[in-house]
Structures are given as structure tokens and as C-alpha cells.
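First comes one chain, alone, set out as C-alpha cells in the form predicted alone.
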């Protein structure tokens, strides 16, 4: 940590209030005037098990979790299931302290709870601290919590101790507590906070030189994750129906929408499984509502057939796929970008869909709105693909960012007057799927509209919807549906690109990434540029249809492009090689698939190895493919 940046990590057991405490502390830092960014790590268990949240706060906007961290608040795991060293899960009681030390930077602070961790639990911690210039602050947080309230308030005591050691005033924290709670609970927490603050100041002389940075925002800020961005983007675009089944991390979006959408007169349905959720959303859209559904991993797999139905019936549908580490159940609470190939081609037959992969909170809002516009205008599925990292990544944005006009428009729907002039079959059915129209997209009619009756089926069909296997009709219907992707591509080409380029535009070494790794790659490029490297990066978030001309322009003249992504098989690199065969020998991969997102230092290390012209492996948990020095 420097004088203008803090990276604080709170660690404990699931159920110890780690998430809520970190969010409140993050919000307090934001109100103190700092830019903030969080990173969440938690096990797939309801209660107990090592969990932590990292908060990076700086005078300047931050785009990644940073490298390591500098302040550890280790609460211990009060719900540890088995404290014996040989247990399946290891010594859970001490994990919040010892499992975090590998990433604690030199000169960092350690605050740990002596009310949970006794002398025999901490072992040779003092020796490690001496070797790494760490500063130890053992405090009986549990005793302070018990004196004024309950054990669980240890987290509040830890925040008070943190504020004391970093010379941070308590006002913004007290203000937040007063907004979030009341009565005896508020009084007890305020007493715990103040007592811990005063106790720490009285008992310890701060031997470190780390202090909270100071800054002021020009305007009011709000704290959001990409799940909030997706949810509020959907609401502002007129979404009033959501259906789903809980599954991590999709549950974040579903929970936010369920809480908000019913207050707006909409419908939120938790159903028995993902098949029912996707079919119900198709039905709602068919009836004239703006509808959204979604899931994660295996849950989205169950929606495969529904996507095909939406494509065949040309029913608008917006879906969210929140990736987690697979295959199968995999690691349900860990992040990965390994569903790209799946989402691009899910379902039977040739596919016509739009896929966005937002890289941050702003993009999650904007691209969700765009997904609704495209789905309802061109009558196809539009999928927002993000991952567990973005669901737990909270950042501050100016409140004014959301001062946007709502859009209740349902897209290409004919009026009853227009329907009267459109073609009908001999039985009076509207030829909703005719192939001799002026465009590839025929206007929809909604149930109950005069002259709008047609058949909707998952089978191939005649223009009025009746089932047909006529070969000539099949070719016409297929060509019309598939060509809609090109119509969408042309429409998107007229809009500002969501893909971003940073760095030296003349550089012959480049980075390519997609989705959630945008921020960390851009920070790596900034730091490499400051160190004298010539490098540029392209972050892609429009995954289907790809902006092929833009990517080709970026790659022109590049000698090597390192594709950075969180999966084991280089899925985005594979997509690029499929689209740009000419550049197949230019692309190489930097992969990470251990459940954690990249840190900037890992990308910087890989670039320096590549640019050195020598062979070598990365020293971290990443993989270079092909290995450095091997371009065969």
C-alpha cells in the first residue's frame, strides 16, 4: 500500500458477517471520498469455512483488485466444523489468519482476534512477521463485542480497530450504521466500534507508516456490482417479468429483480427448475411483456432447448448466464470464463442470437439495455454473459450515471390497423413468418389483437405457423432467421463500439481479453507503459456478432497477441482463430483457472517473459500456451 491506496482484507468464517461488514466498510470509504473496488472469495457452504472480502480504496479510480493486499483483519472462524489439523477441510479455526498470509504484502498489518485464536493457534506468526516486516496487532475483539452486545459484533470491533490503526475518522462508519439499524442493536454496535477504536489507540503505538488516503468526490456516488447494473438496466428498459430458480451466482440478479420488479407492478416468479423458468419467460414475452430469465452453468444447460424454441418462434428473450467454475457442479462460488463456447452455440440446430460480455458495472447496465433493444426489435434471444467475479465486485459510480430515459417500447409489433393490410392465409391467419417481405424481421402481433392470429410452434413451419417440411420453404425460413444476425451486425456497427482499446496504438505486442478481465488488463497495460514497454490491449464485450473489422484492424501489424482469459482451453482464442484464420500464428494464451481472477502483476510477469525473447514459465498460478520461446 502506498499513501494514496489501501487494500484491506477481512477474513473469517461464512456466517461471521464478512460480506455485510465489508460492504458497509466499503461504503464508508466511498463516502470518505475514495474510489473503491471489492473482491469476494467464499466457500460453497452455508455456514463455516474460510471466506474473505478484499477492499481496494484509492484517490484514483480503480479497475482491479490490485496485487496482494496490505491490511488483514483476521477474525477467525467462529463456526469452524473441525479444528484438528488433519481434518478434510484443515484447521478451519485458523484459516482466516494463515491462509491469507501468502498474499499479504511486505510491511503489511495483521489484526487478529485473540478471543478466538489463542497463543497455541498462532504458532510462529511472530517469526513470519519479523521476516516480512509485518506489524502485528493482537486484540481481543470478542471480549469487546461481548461487553456491549454479542459475539457476532466482533466484525464491528475489527472495523473500529482498523480505523484506529489507519487514522480514519469514525464519522462515515457511524453514519452508515445509523442508516442501517436502530434501537438497541445500533447502540450496541456504536459502543463496540468506539470501544475498539479507543482500545486500539490506547494499547498500541502504530509502528507502521500506512494511513488512509484522502480524497473528495465531485458528485454523489453509489456502490454497485454488475448484478445491480444488469438488474437496473433491465428495469430501465421496461422489463416487468422475471422467472428463475436460485443458483449461484445468478441468484444475485434474480434476488435484486424480485425485490424491485414487483414494486413496479411487474411479476417475479421462482419456479421449480430452469426449464420452467425459461419457458415461462418465453410465454410472458409472447404475451407482450419484456421478460428476462437466467441461470448459471448447469442451470443454463437446462435452458438449452428453450433457447431453440425462442429462436424458432422468433420470440424476444433476454437471458443472463452467470459463469462459475465448471464442469458440472465444479466450484460453485468460484469464478471462471469457461461457458463462452457453450453460450455461443447452446441449443440444437443453427443458432441466431446476440451475446454480450460486459467488463464492468457500467457496461453491465448499458449492455443489458442494449440486449433488450435488440431482442425485441429483431425477435431473437439476447444473452448477457458475465461471471462470479463481477457479481461480487462492488465499485462506485456517480449517481448521475443512471439519469437515463426509460424505454418501454416493445420493438417490432404491428398495430391492428397495420395487421389488416399485412398478408393472411386463406383461413385468416396472419402470415407472421412470411419469407417474401421487405425485411428479414416481420412485425409481431400479440394475443388478442384483431387480424393478428397465427400459430407458434417449435417445428419448421409455413408463413402462418403451420408445421411444414417442404424443402423450399425450409431453406427460405432458415435463410431468413440466420440472416437476422447480419442485420443485427449492421445495426450495431452504426453504434459506438463497446469494445475498448488502450495503450500504444503502434505497438507490435498486444493483449486481447474479454468480459470481466477488462479492468485488470487495462491496469497491467498502464503499468507496463509507465515502465517503458510498448504495448496495447483490446477488451471485447460484444461476443456475438463479433466486430470483426475492428478486431482485424487491431491485429494488423501485431507480431504477437496474448489472449488473457480465465479458462483452461483458451475458448476466446479459439473463437478468434475461427473468425481470423490468418492470425492463427499470432495468437497465444495466458490462462488462469484456479477459481480466482487475474491480478495485474500476473499479466505483467507474462508479458515481460514473452517480450524478453527467452523461454520460461510464469511463477504464479497462470499458464502460458504455447510456452514462452515456443512458437511452433
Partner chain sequence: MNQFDAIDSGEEVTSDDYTPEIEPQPTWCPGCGDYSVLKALKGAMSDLGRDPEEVLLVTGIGCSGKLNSYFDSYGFHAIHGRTLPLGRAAKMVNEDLEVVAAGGDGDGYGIGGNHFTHTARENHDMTYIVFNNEVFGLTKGQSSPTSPKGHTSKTQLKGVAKDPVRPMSLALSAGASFIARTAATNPKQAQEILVEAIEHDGFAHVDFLTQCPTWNKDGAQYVPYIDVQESDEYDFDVTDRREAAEMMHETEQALYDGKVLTGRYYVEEDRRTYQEEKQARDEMPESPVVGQYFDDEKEWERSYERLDRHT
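This structure is a prediction, so every number in the text was calculated from the model and none was measured. Numbering follows the first chain given and starts at 1.
In what follows, reference is made to the form predicted together with the partner chain, a form of this protein that is not presented.
Heavy atoms within 4.5 Å of the partner chain in the predicted complex are found in exactly one of 182 to 190, 338 to 346, 240 to 248, 507 to 515, that being 240 to 248. Using a 4.5 angstroms threshold between heavy atoms, residue 290 counts as touching the partner chain in the predicted complex. Residue contact check for residue 437: none of its heavy atoms lie within 4.5 Å of the partner chain in the predicted complex. Contact check for residue 520: no non-hydrogen atom falls within 4.5 Å of the partner chain in the predicted complex. The partner chain is not drawn, but in the predicted complex it has no heavy atom within 4.5 Å of residue 127. Contact with the partner chain in the predicted complex, judged by any heavy atom within 4.5 Å, is made by just one of 380, 280, 177, 325: 280. A heavy atom within 4.5 Å of the partner chain in the predicted complex is found for exactly one of 546, 478, 485, 410: 410. Residues of 303 to 318 placing a heavy atom within 4.5 Å of the partner chain in the predicted complex, in sequence order: 305, 306, 309, 313, 315.
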